[in-house]
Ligand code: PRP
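Starting off, we have a lone chain in the form predicted alone, written out as structure tokens.
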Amino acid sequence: MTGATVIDHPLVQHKLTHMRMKDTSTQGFRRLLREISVLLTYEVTRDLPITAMEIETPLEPMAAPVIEGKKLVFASVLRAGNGLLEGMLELVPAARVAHIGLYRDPKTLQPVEYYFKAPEDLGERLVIVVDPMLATANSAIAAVQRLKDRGATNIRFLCLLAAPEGIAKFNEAHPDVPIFTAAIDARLNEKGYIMPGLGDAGDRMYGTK
């Protein structure tokens, strides 16, 4: 689907299938989410700019590749985004972290913000927004706009699952922000949940379903 990159690595798809299973335990779901987030991070950062620095190996000096520019910012949409965040920080432990607290009003399906904290120099960093589900896209759109309002200009959105309706709405609101996802599912149901999906990611991760 236009506007979204599907990360179809076999390990990603295998782990996602086990996350979808309704009998997967809270512990298992949390472990799989952490594992899959490392793989997703690998793909979403594939084209980071590289520069060379002079180092010395035990044998001789060399010009070795390192990531160019300031450290990344991972922006977690609370609460479910933190499940992805843990694995991402394992791979990029020096990344800065932003937290955006949003919940979806069950009647209007519109996002309500209750918390925001981010590094000051967002405009100088690549910001990767993380939330397991891109369903109605209302929360994702609000989160990205909040970051833009704080100066972010280089933003990517990373999720586990996306619905076609959410992708279309997100692209309309933020055509400059690429989406990376492990799968694009069939549709949204009348309550705004992704179908066939995997249920509520936050509830399954924290055992609150």
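Numbers for residues come from their place in the sequence shown, where the first is 1. Treat the numbers as computed from the prediction; the structure is a model and nothing was measured.
From this point on, the text means the form predicted together with this ligand, which you will not see here.
Peer 1: Leu72 versus this ligand, in the predicted complex: is there a non-hydrogen atom within 4.5 Å?
Peer 2: No, Leu72 stays farther than 4.5 Å from this ligand in the predicted complex.
Peer 1: State yes or no: in the predicted complex, is some non-hydrogen atom of Ala118 no more than 4.5 angstroms from a non-hydrogen atom of this ligand?
Peer 2: Flag for Ala118 set to no.
Peer 1: Residue-level question: is Ala80 within 4.5 Å of this ligand in the predicted complex, judged on heavy atoms?
Peer 2: Yes, Ala80 is a contact residue.
Peer 1: State yes or no: in the predicted complex, is some non-hydrogen atom of Leu102 no more than 4.5 angstroms from a non-hydrogen atom of this ligand?
Peer 2: Yes, contact at 4.5 Å.
Peer 1: Of the residues Ile128, Met88, Ala98, Leu134, which one places a heavy atom within 4.5 Å of this ligand in the predicted complex?
Peer 2: Flagged contact: Leu134.
Peer 1: Could you tell me which of 61-69, 136-144, 173-181, 43-51 sits within 4.5 Å of this ligand in the predicted complex, going by non-hydrogen atoms?
Peer 2: Result of the contact check: 136-144.
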